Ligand SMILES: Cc1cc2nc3c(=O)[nH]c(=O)nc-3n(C[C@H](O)[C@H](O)[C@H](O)COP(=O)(O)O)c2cc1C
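Take a look at this one chain, the form predicted on its own, written out in structure tokens.
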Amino acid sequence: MADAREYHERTKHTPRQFSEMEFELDFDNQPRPSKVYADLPRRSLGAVVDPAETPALSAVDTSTAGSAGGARTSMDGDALTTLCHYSNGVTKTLDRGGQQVAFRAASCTGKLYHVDCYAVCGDREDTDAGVYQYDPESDAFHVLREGDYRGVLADAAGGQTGVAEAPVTIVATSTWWRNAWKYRDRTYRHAFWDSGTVLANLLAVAHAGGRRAEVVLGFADDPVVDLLGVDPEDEGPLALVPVGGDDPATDVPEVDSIDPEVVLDSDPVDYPLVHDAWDQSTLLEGDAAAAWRERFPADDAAADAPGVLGTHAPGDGERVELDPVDAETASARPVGNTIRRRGSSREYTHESISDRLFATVVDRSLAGVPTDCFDGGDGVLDYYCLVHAVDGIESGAYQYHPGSTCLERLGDTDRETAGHLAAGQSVVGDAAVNVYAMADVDALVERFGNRGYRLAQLQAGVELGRLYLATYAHRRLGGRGFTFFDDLVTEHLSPRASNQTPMTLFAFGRPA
């Protein structure tokens, strides 16, 4: 495979592909939705407590909860357990057809839950330094290593400040087979979508507690693989999230090889395209990670970023100014409560939503993601909205411009077309609004290499997760992520989006 661009082309959905598909799920070989070790000790590091009462709409707002904010740096066992629980834990169990079905804190394609969280910790008052794997079913942690290994991550990240100074860094991974059982080669995309929704929750809970947190994409992969004792043919690291600050690691310890036995309940099928895509985007050492970050435009080059990154500044289309509610009058539903009530709407009424409600959801969700690549939360995506039922806004296709909080009209659309674009799922057209995050994959790979594709997919995944949170912060709204026919979406939004391809789709409105 040539590079990430080829992977993306080879995993696009088309109407013809769907009509000719003969693949059937083998339910007798379905993998369990969590990792089980044969003989690792498991330890409770603390209790799950309610997160801070910070409203979800404030917790997801990058402009008020950015990575540099937050004075509380302590991370005791309760705080760490709570952070992991509300990111990737089981938050409710419901009866479905006479069976008890566990639902996690964050949305995941197919409810296959292939994303795991590992905590690399220094010594805390009530938590020993170590490398731990979070068990979502018990809220306890498997002990992979004892001792302070934060310096290994700091070195792998090329000395990136957040990782170097954090008392705890969370490592998100994907076990490919747990998703590929259903989605096959498309799993590499889903790895970043689904880790993104997990990290959206993690960032929101961390920021709600006043703790610094950001997503780090620039790190050498092999040292992280070795530290966690995983085989990248089976499970690969996707992102680092340092939480807290002012607690630097003192050294870089030697990392002895470990190979903990994982209990399998299914027979994995290999999809080489997935691992090839991950492997081609790896960085070899910390210096390479630091050099990769230097490719991104600095603040004084931000004006040139739209042309460089393939994104689009406002054009000469008709503008619709948006008026999101301010913090004082916005929904006060706390972030923990919002995560617990989050669902995935399967049906929508055609009832319209208010323009301020729409404006508030997109304003809070699409303001950028705090990463090691951009200062101030800028990013590599453009956002397009197919509006079907918003008070005061004519039905149509629009580009949403976060910087100026406005829509720019691009053309017409209708509910039937929206459903067809979403891989023939008419329910998408029933929603009030469809939000597409789109990127110029050619431009990103040219400038940032194959890891630029990781960035685009992960940023879209985090903002997908934030759309969930901003939607379910409101009592009468519901939403869900959907798949799509890639090239038909581009065609529908052209000429503006002719250089771009969709990363994610989220539909929201009044649930039926």
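In case it trips you up, residue 1 is the first one in the sequence shown, and so on. These numbers come from a predicted model, not from an experiment.
The form predicted in complex with this ligand is left out here; the points below concern that form.
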Heavy atom to heavy atom, is residue 468 within 4.5 Å of this ligand in the predicted bound form? yes
Any chance residue 483 has a heavy atom within 4.5 Å of this ligand in the predicted bound form? yes
Please check if residue 111 has a heavy atom lying within 4.5 Å of any heavy atom of this ligand in the predicted bound form. yes
Report whether the minimum heavy atom distance between residue 107 and this ligand in the predicted bound form is within 4.5 Å. yes
So which of 342, 207, 178, 364 gets a non-hydrogen atom within 4.5 Å of this ligand in the predicted bound form? 342
Selected contact from 45, 473, 464, 444, since only one has a non-hydrogen atom within 4.5 angstroms of this ligand in the predicted bound form: 464
Go through 78-86, 188-196, 413-421, 243-251 and give me the stretch that gets within 4.5 Å of this ligand in the predicted bound form, heavy atoms only. 188-196
